[in-house]
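Take a look at this single chain in structure tokens; it is the form predicted on its own.
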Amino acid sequence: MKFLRAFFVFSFLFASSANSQNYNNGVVSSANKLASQTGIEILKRGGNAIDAAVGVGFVLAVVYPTAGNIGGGGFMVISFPDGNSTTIDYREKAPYLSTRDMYLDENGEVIEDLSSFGHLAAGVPGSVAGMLYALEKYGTMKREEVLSYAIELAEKGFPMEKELANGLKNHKEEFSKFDGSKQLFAGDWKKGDIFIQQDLANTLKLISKHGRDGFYKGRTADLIVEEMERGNGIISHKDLVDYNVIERPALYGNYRGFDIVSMPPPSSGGICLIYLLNILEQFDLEGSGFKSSGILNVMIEAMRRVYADRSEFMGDADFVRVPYKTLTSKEYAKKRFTNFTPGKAGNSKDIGPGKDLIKEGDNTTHYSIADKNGMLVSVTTTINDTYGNKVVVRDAGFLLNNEMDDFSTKPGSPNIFGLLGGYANSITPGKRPLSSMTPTIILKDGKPFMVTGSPGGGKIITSVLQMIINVVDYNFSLQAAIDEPRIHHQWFPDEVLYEKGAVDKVTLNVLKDIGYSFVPIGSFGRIDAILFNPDGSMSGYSDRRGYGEAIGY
């Protein structure tokens, strides 16, 4: 099956948004119009939500190199029509030759940029293995058909958006340091230029023909290892062949009668989201007024405590014991908040992780998909920083991740997102780094209610949190819930980040007077979500902060 060139151009220019419409057969919301249109086309051809999710994932690797990838990893949360759920973990892994102190100098200090830029920053990619695992186990369409959309877009090209053209120009100096990156991204790009990626098309064809062996073995694997050798990277053939996908039980919570289904470790997102909601459930958000000083006081203090615990207790549960049952319990949330004083700002130096209470033995992208049969898929995938480690595998046409920076390179030292980590997230060969990705599905009375998630590094969790309470507590429309300006606190640095319009001037002064430090920043988070209406129809919306599209039929 071939996707006609005319269809891609036409859909790029005229794809209809689901932002203000209701649909009965399916909705796809992603960071790119062509990716969303691909997902809808797959649904129209009889595929299910998994088929569409895999098609969208591979197309994003072509049209959204900022974060879409086959050189990174991700998480997938699935809710089946019968109400059962599962998750698929295809997070990147530390190579076998990695060591705990590999990014430290002889004095034990972190070497700047070593864990985030260049070949040594790359973890073993998991995206290809993960998407194919999902397709083979839960999809209905042939691999060749699902990948054909991405292959044709790479081979014949697509009109470049302004944002992509500007992004490539802004990173031109970094790309120039690596042959593969320079060959692919060099040029004075502008909106409307046709972006052709023949090397990537060839790589996708190998995956289409040979499955995971088309990436983790053979020519592509050789090219990855050769690229590592060019830049003193450490990913080996054995790392690639041994990469494994893990299907994990979903993490469950409940907020005001809504069932939360999210991702377990090595994502911290599910734990932190449920933990935050458990704290907020103790308060009457609606009755206290939207973004009143009292409610913002509660939200900031909740974020402070949750991110403190994130730094201490969370890591890859295959390597360390993560007390997720305690951290997601309503009892723990109540105990953790007993030292909250209304009308007073806490101090992160005084409020550390809740060690005495534990008793148990930008870049990323998100997409949400729902089909007519009630299958829901929430996927967050990443290469970590914008354009990953900036290294394109020469002759293979795809960027590698810089996911090793998500480990604690040195306990107590922040990563590129300013997040602190401890020994639970230290580097170990074969281990998966802790993530903030929060792909989430919400059910009400056993029926679909919401599919959501976001990119944004450490701000993913708080972005998803605020979107959920905007809908559940304040009865916002999906568009209003997503577009509303946000705040963020992550324990350290001890400051409240806020988007323009997130806090009115009077409230801001009240909160400053009680001891908070506020820092204005640009927009963060780019939520792509689906909401189910009382009549059973679906609506979708793609965040105003991005340039994606929600499409339905």
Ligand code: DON
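This structure is a prediction, so every number in the text was calculated from the model and none was measured. Note that residue numbering follows the sequence shown and begins at 1.
Just so you know, the form predicted together with 6-diazenyl-5-OXO-L-norleucine exists too; it's not on screen, but the next bit is about it.
- In the predicted bound form, 6-diazenyl-5-OXO-L-norleucine stays beyond 4.5 Å of every heavy atom belonging to residue 378.
- A residue is said to contact a partner when one of its heavy atoms sits within 4.5 Å of a partner heavy atom; residue 437 meets this definition for 6-diazenyl-5-OXO-L-norleucine in the predicted bound form.
- Using a 4.5 Å cutoff between non-hydrogen atoms, residue 457 counts as a contact of 6-diazenyl-5-OXO-L-norleucine in the predicted bound form.
- For the chain shown alone, residue 91 is a contact residue for 6-diazenyl-5-OXO-L-norleucine in the predicted bound form, at least one non-hydrogen atom being within 4.5 angstroms.
- Residue heavy atoms within 4.5 Å of 6-diazenyl-5-OXO-L-norleucine in the predicted bound form occur in exactly one stretch of 176-184, 206-214, 287-295, 428-436, and that stretch is 428-436.
- Scanning 452, 382, 462, 262 against 6-diazenyl-5-OXO-L-norleucine in the predicted bound form with a 4.5 Å heavy atom cut-off leaves one residue, 382.
- Proximity to 6-diazenyl-5-OXO-L-norleucine in the predicted bound form, taken as a non-hydrogen atom within 4.5 angstroms, holds for one residue of 466, 87, 328, 363, which is 363.
- No residues of 502-521 lie near 6-diazenyl-5-OXO-L-norleucine in the predicted bound form, the criterion being any heavy atom within 4.5 Å.
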